[in-house]
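Next comes just one chain, in structure tokens: the form predicted alone.
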Amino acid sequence: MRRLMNLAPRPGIRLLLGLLPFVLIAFIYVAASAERRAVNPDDKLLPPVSEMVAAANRLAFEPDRRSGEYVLWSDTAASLRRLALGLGIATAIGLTVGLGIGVLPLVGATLAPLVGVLSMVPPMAILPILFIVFGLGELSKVVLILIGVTPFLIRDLALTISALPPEQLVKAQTLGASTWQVAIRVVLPQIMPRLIEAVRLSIGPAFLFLIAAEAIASDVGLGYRIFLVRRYLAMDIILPYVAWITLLAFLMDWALATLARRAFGFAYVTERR
């Protein structure tokens, strides 16, 4: 008797099963949109797909009358620049501090409690403080991403290092390796796949912090545009922007997963399809 948990679909069936929820959601949306428009031709809550496509085409391929810029691409460039800075700096700090906490007991005893406390601080709660301290410019938005992502990366890497077999570190030291050599040549190669996984898990929260900051204080960006047009109930713009943000996050996740498989295929075993 074959148990359900042991039934694995073939590649073609797996693809169809993966597409099925998206097709179902699209069907439900189209049906609901048509129903609402039949009742109220001026309904804005669920615009038809044709209106969303027209709005996206206008924002992406027609210059703005006031600024002359292509709105979608200028918003995307501004948001991705902030996201790249925030995630890049957070990754560098997370790797450095996480490696120090995991390898050096003195550093762990000093910084681990602080990082643990900082990881419990709700980043959104201190957003007004960031605007007061750093102003309404780019820095406050990047700092919000840093505060929201960095403690998680540090703790995740420190826990990964603590799970490494102690025998590896002992053998490296008996062979004459210094603390620096143990950290760089023994520990670092083993935690790099996990670092990429942790960054992948941080993409969603990083977008959340970015959009929140842009919605409150910005004049360009994906979050700024969404909250700008909400006052007009412009769902034909909001929904495509949400879909575009989702696609960007998916592509970033896919790129990191591909990088991990190609660079650390010997250890990258968590991604199973």
Partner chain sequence: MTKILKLLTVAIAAAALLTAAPLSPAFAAKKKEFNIAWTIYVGWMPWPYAAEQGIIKKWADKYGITINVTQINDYVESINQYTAGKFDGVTLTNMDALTIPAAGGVDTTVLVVGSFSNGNDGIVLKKGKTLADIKGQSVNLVELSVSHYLLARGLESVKLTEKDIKVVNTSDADIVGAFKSKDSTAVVTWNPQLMEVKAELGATPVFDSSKIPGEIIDTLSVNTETLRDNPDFGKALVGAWYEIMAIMANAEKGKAAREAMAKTSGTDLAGYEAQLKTTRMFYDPADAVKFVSSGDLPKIMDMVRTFSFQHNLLGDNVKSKDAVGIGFPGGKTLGSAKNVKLRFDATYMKMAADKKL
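Positions refer to the first chain, counted from 1. Please read all numbers here as calculations on a predicted model, not as lab measurements. Take the two forms, superpose them, and find the largest set of C-alpha atoms that agree within 1.5 Å; that set is the rigid core.
There is another form of the same protein, the form predicted in complex with the partner chain; it is not shown, and what comes next is about it.
- Not one of 4, 250 and 261 places a heavy atom within 4.5 Å of the partner chain in the model of the complex.
- In the model of the complex, the partner chain lies within 4.5 Å of some heavy atom of residue 228.
- Within 4.5 Å of any heavy atom of the partner chain in the model of the complex lies no heavy atom of residue 210.
- By the criterion of a heavy atom within 4.5 Å, residue 237 is counted among the residues contacting the partner chain in the model of the complex.
- Using a 4.5 angstroms threshold between heavy atoms, residue 32 counts as touching the partner chain in the model of the complex.
- Only one of 80, 93, 136, 107 lies close to the partner chain in the model of the complex, with a heavy atom inside 4.5 Å, and it is 136.
- Contact annotation for 40 to 61: residues with any non-hydrogen atom within 4.5 angstroms of the partner chain in the model of the complex are 40, 42, 43, 44, 45, 46, 58, listed in sequence order.
- Comparing the forms between the shown form and the other one on their rigid core, the Cα displacement of residue 13 reaches 2 Å or more.
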